[in-house]
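This text opens with one protein chain seen in two forms, each one given by itself as structure tokens under the names structure 1 and structure 2.
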Structure 1
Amino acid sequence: MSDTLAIENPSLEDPKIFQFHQEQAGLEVDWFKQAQQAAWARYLELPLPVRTNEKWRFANLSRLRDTGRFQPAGGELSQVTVDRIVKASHRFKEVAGRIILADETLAAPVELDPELGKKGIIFTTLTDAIVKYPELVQKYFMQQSPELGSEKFEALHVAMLRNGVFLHVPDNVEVDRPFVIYNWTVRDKGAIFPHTLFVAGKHAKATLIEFQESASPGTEHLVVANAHLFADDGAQPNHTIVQNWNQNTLSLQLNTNNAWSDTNAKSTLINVGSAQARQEVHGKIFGSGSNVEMYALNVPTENQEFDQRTLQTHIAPNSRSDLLFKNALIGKSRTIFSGLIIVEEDAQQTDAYQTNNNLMLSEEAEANSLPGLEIKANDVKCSHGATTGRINDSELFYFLARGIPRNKAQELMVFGYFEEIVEKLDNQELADYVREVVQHKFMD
């Protein structure tokens, strides 16, 4: 390694930040280093988003234009902090594996049930995987992109990413217990770029659950995360992200779900945290006989903004995709849902559904919904729709007439409204946890 580069304030504003950060990471894998270099050049070149771009319509851009002051995370954390984080990273009685990252650094050794290791399952940090299985990682790393407007931030993510998780489940291996990731932000003004790569081989079945949290409520963060799911023929991957960064966080989550033939691929986003969360999800269906489900449960409160853009692209015939994004808006919060179903010419006999529901719990909240269809095949079943409604008065009266107080009634109705998503999580402990975080939003 050359002489260590010294810079005064290692923020994203510093022209030497990339070189500095890459040297600090010290990862000597050529293809990866080159990918990062190219990404940095792309990041510098690409313009910041503008509102006139359809992909950023309704979005609040001021925060996104002011990311320079954040410092890419790195360096040692105090043992007290690490201990506290590890203790709090415990939401399941039994897991298949667990990875805890604090500011992109391992807070505890990677846990993987040795029996599963023997079956060929890889569950480790992304950097470890890049070193140990460079070709396997390269085969999937950044091979797909959401293509939904955040190209500049995607480039920043690749250039700056320090860590993440690689889960590879080989052909014909099925795991019932979940693999769990806890991703924490710690240092004030820290920026992190976590990357999740979930590869399910032929007829493999596994669940990956990712918790995104902050160690304290008062710190400020930038998070540019990616998660990419690859489902080979017959695979049944299930991926859930519980986004609960603190309320001063600007987060971007750029995801793709890629399905080949006869898969059952499910991904769910639970959103409670962040000041502003931009999420892009692109479901791409390359094979026939697949069922791709994309769900989201969002509870924005106060001044939070959740901005979600989705694509369901049917490339192969005879597959199904189902998207259901549900919001319950409180306070002055805002949501944006923009979803598009694309059915390519060859994708005959496609069934594609897209629904966005908004439950307005305050007069001041604002829900924007932009559903869309682009169908190039002629024999398809597609539907899209958005609804925006308030608590139904006669339903509310029914609760009251049974002696249930108004605030409890509202809470139960919101739970009822979300139950449709919660029951699809297929995991009792996760469902209970999600109900708990939703309930917390009502107590604030």
Structure 2
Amino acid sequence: MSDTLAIENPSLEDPKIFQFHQEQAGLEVDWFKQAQQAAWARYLELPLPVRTNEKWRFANLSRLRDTGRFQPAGGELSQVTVDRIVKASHRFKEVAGRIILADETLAAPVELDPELGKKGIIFTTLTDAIVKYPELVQKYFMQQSPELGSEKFEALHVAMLRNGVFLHVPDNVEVDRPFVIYNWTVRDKGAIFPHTLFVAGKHAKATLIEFQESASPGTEHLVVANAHLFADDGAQPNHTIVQNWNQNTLSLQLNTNNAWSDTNAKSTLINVGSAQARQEVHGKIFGSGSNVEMYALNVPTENQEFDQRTLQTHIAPNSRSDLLFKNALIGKSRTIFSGLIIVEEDAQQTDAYQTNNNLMLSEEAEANSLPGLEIKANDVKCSHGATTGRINDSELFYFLARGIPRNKAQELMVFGYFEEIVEKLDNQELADYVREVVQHKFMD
């Protein structure tokens, strides 16, 4: 088998693209087909973003206006490609479950510890879950949106998605080993729309780690990914995404973290890949006594642009949120951070923090930070801040004076700068891998 489709895919600009997608997907579930049809109509109605819109301030929109060259990925892959991808998708010695997707196609059988299956855990592809557990998936599917500017692309995601992952951990079940997802892009000029739905029941505890990779460094891709985390009362979910698409990829990652009462929910984004990557993260706290933590580690190099938009919305009283996004910029790279904490009128005794730190490793790098607060309650403790600075000359001289080359010295100092985020990953194998991909940025 070759890596080309048996029939030619129309591009995203072809008026027949949605009909073609529906015929190829073949998922005959009424509510899901209706959701896709409504999303396609919404996509056609919504305008492309403009820089005069505050939610797109500072962003480079040229690539987003030129997505017609991409074709939705699909069809069979060569066995050689599949074998290579599967071999590269084993980074942990012990996992609770593993799903490997290549161009939204299952590359290997779903893995799930049988004992966890007996406890009621569902870990499967999204399409499989829609067929087998339609009411459960429908209860959570697209019930929240980041609401941070990419509504048109979110609609495109829903209309065109072929597959994703569904993880449901029932009440009172705790899992120590991680569930792991590998999402791979393969075909040149391919567009994929991966969807992750992570539901943690009452007092459930689980970790989900998602790796985003490209099978080749020379191909070009569009990725519009959604990830939604739902934490029921007392739940402790932990979700990490390692974004390492190749540097010809245009990617959008649209996330929501939804917490009810007395939860401890954590999400972490590691961003090293893509030519241009936009991440939108909205943490919503619906119940009191909850703690929501959102972290990001970003290392753009050369001409990469990382655009980060965040919301922390406190709806219930007596809750806490903490956001820390750290960037280390190399070459002519750019970052944009725009974050807002919203405290609703009834959310008294909210404790919320938002911090964006930028470490400039080049005179040509550019960092833009726009933190903000919108407080409607009168008994709260909220703070926000942003810092931008360069490596301390005296600290750098310390390394140079001991014969350590400048590039290696900068690498060591960046490791120290990021350790505050890395130590929050709570998984040594993952932490080691993150250090490895950061190190590769200094070797390029």
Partner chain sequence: MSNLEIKNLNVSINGTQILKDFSLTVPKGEVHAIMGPNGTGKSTLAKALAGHEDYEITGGEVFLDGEQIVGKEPDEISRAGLFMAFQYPSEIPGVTIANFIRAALTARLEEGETFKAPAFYKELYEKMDLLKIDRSFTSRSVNEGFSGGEKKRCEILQMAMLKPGYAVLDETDSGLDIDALKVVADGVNQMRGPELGVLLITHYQRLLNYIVPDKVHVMFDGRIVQSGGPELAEKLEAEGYDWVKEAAPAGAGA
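Note that the rigid core is defined as the largest set of C-alphas that superpose within 1.5 Å between two forms. Reference numbering: structure 1, starting with residue 1. Since we're looking at a predicted model, the values are computed, not measured.
- Structure 2 derives from the form predicted alone, whereas structure 1 comes from the other one.
- Annotation: Cα of K381 displaced by less than 2 Å between structure 1 and structure 2, core superposition.
- The Cα position of K408 differs by 2 Å or more between structure 1 and structure 2 after fitting on the rigid core.
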